[in-house]
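For reference, the chain that follows is the form predicted alone, supplied as structure tokens.
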């Protein structure tokens, strides 16, 4: 350094360690405090079971969407078979948590292992295919699964479905009958805290994964797999690995779905469910973890809202024999298709990009234009 030259102020220099921090600025830490406050207070303020159930379903969906975004948004592998792994997790919870009576950590772990094993078995078949062909191959999982779920009655109960009596308890703490300081909370309030706490854990794990060397390798594979292999990335291992992680997260979401709903049937695991997850990560933002959560909040509760208000929507049949042109199921499919088209055409990077633009505007203010 030249004599008399001044060193730059430490606030203007950001080292590598600062880049690895999740909450670098006071505003980000303030935002975290706000989120924690909302997480704790929302079930107390919003006590209506319907709205809490919509948020619970959105939280469960967010866990599965994070897994799919790792696979599609970060690794560039398009999958339409997410419903298959979600179903596997739900049935695993029914047997391990219900029939065996094991506690929640065990049936969640069993679901994650089952989903990961299935993903590991299917992953090698996807190594030599990509893009549209990979989507077609994973689409076959939905139809194979539909046959298995309807005919393997010992596991799934067949077309009649099966109850899921997996207890949402960790030791003495039962989230379905939560009591804190002598105050008893409803089942929906307890499940809200449980599900969204797990969303935070899964999002934090995924965020740290994509910031590490394997995460950067996945993004290199997405951008150009042959170039990634030239620079030393083991493409096959990373593709199978992300398939395992994504499938495990989907199975955890399925286990929570089954435990909350207490009953599942093969009618749940349709192609529309896989399409819904594709819509979520496109609307939320491909290649972003927080975009998966935003997309789940925006889209995940949509089917429940349509089912609730189908009687007030013109042209929608609320049941057999009622007037209307289309069913609620068809309306869901139409809306999912419209959301995909609109966001791909007008905002390909999803809601996450809108937030990042707003954030950049205020960060650079008053020099924005």
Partner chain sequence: MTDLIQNAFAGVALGSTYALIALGFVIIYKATGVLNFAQGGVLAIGAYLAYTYTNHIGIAFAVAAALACLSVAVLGIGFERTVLRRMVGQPPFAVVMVTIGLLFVLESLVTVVWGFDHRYPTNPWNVQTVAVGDIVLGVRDLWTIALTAAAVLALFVFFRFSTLGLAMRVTAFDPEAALAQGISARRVYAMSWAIASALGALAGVTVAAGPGGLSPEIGLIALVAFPAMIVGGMDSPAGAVLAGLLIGLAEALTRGYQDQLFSWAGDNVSTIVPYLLMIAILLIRPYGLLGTKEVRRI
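Everything quoted here is computed from the prediction, not taken from an experiment. Numbering follows the first chain given and starts at 1.
The same protein also exists as the form predicted in complex with the partner chain; that form is not shown, yet it is the one meant from here on.
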- Would you kindly say which of 306, 54, 46, 333 lies with a heavy atom within 4.5 Å of the partner chain in the predicted complex? 333
- Note on the structure: Answer key: of 286, 96, 104, 114, within 4.5 Å of the partner chain in the predicted complex (heavy atoms) is 286
- Answer range among 71 to 79, 293 to 301, 171 to 179, 105 to 113 for contact with the partner chain, defined in the predicted complex as heavy atoms within 4.5 Å: 71 to 79
- Message: Whether residue 92 contacts the partner chain in the predicted complex should be assessed with a 4.5 Å heavy atom distance threshold; does it?
- Response: no
- So in the predicted complex, does residue 166 come within 4.5 Å of the partner chain, heavy atom to heavy atom? no
- Task: Examine residue 100 and determine whether its closest non-hydrogen atom to the partner chain in the predicted complex is within 4.5 angstroms.
- Result: no
- Query: At the 4.5 Å heavy atom threshold, is residue 337 in contact with the partner chain in the predicted complex?
  - Reply: yes
- Taking heavy atoms and a 4.5 Å limit, what residues of 117 to 151 are near the partner chain in the predicted complex? 125, 128, 129, 130, 132, 133, 136, 137, 139, 140, 143, 144, 147, 151
